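Form predicted on its own, single chain, as structure tokens, below.
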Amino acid sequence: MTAPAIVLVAPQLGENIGMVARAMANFGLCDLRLVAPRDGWPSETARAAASGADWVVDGATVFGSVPEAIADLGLVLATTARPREISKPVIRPSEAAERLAARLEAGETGGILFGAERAGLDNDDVALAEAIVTFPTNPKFSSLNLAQSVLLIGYEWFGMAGQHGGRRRSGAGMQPLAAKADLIRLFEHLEAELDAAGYLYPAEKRPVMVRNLRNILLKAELSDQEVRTLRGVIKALTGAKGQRPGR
């Protein structure tokens, strides 16, 4: 079984990336994806902080945006401790590991988004995930650094994936999720037609409306075939104006 991707969105310090790589190596994670790292890449400070987890650092890939970084992934989870405008399932690290293990055992792909050290993930990034992962911490001091967050996820993953006999639900019988690249093309297709129809109005409300629409579709956990069907429906509805039978 493959392991989930760890996606760091706009990480700031090379040292933090290196400590994340070290945490990943502790628990068998090796797919590190960086979205617009502030100080550029590669980073010697990251390599030093990785304390020997060089294969994780050397294998890291850099992307310009979150959609590019998750394009090939099915199940995507977002880590955040802040309240959100978007209604999404909120799960703990143990359930996140269980859901990922079930999907990956079935031959699918998955990943987890982690935000920048200070600001975390923005709403548009969270909107691309199926669920939000939060960490139960002391409410009087709930701050976790980037490496700590990855370490907690990695620990749960390592146990749930079976290395220590962890129990998990089977992925058998679940329909495979569409890749995020195909979902994003569906989103953009629908949004373009809604723009043309004047639905996403007024302009200042458009971002929230778009996030809410994307969230509705993500909740459905669409397969490749369902994405193709919905795109065909949109095309039929928008391409047949004035040409309906009997009119």
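Computed from a predicted structure; not experimentally measured. Numbers follow the displayed sequence, beginning with 1.
Form predicted together with a further copy of the same chain: not shown, discussed below.
Peer 1: Decide whether Thr109 counts as a contact residue for a further copy of the same chain in the model of the complex under a heavy atom distance cut-off of 4.5 Å.
Peer 2: No, Thr109 stays farther than 4.5 Å from a further copy of the same chain in the model of the complex.
Peer 1: Quick check on Ser51: any heavy atom within 4.5 Å of a further copy of the same chain in the model of the complex?
Peer 2: Within the cut-off, so yes.
Peer 1: Is Leu151 near a further copy of the same chain? Define near as a heavy atom within 4.5 Å, in the model of the complex.
Peer 2: Heavy-atom contact with a further copy of the same chain at 4.5 Å: present for Leu151.
Peer 1: Would you please decide whether Leu144 lies within 4.5 angstroms of a further copy of the same chain in the model of the complex, comparing each non-hydrogen atom pair?
Peer 2: Yes, Leu144 is a contact residue.
Peer 1: Exactly one of Ala25, Leu13, Leu230, Ala10 has a non-hydrogen atom within 4.5 Å of a further copy of the same chain in the model of the complex; which residue is it?
Peer 2: Residue within 4.5 Å of the partner: Ala25.
Peer 1: Which one of these stretches, 202-210, 188-196, 66-74, 26-34, sits within 4.5 Å of a further copy of the same chain in the model of the complex when only heavy atoms are counted?
Peer 2: Among the candidates, contact is made by 26-34.
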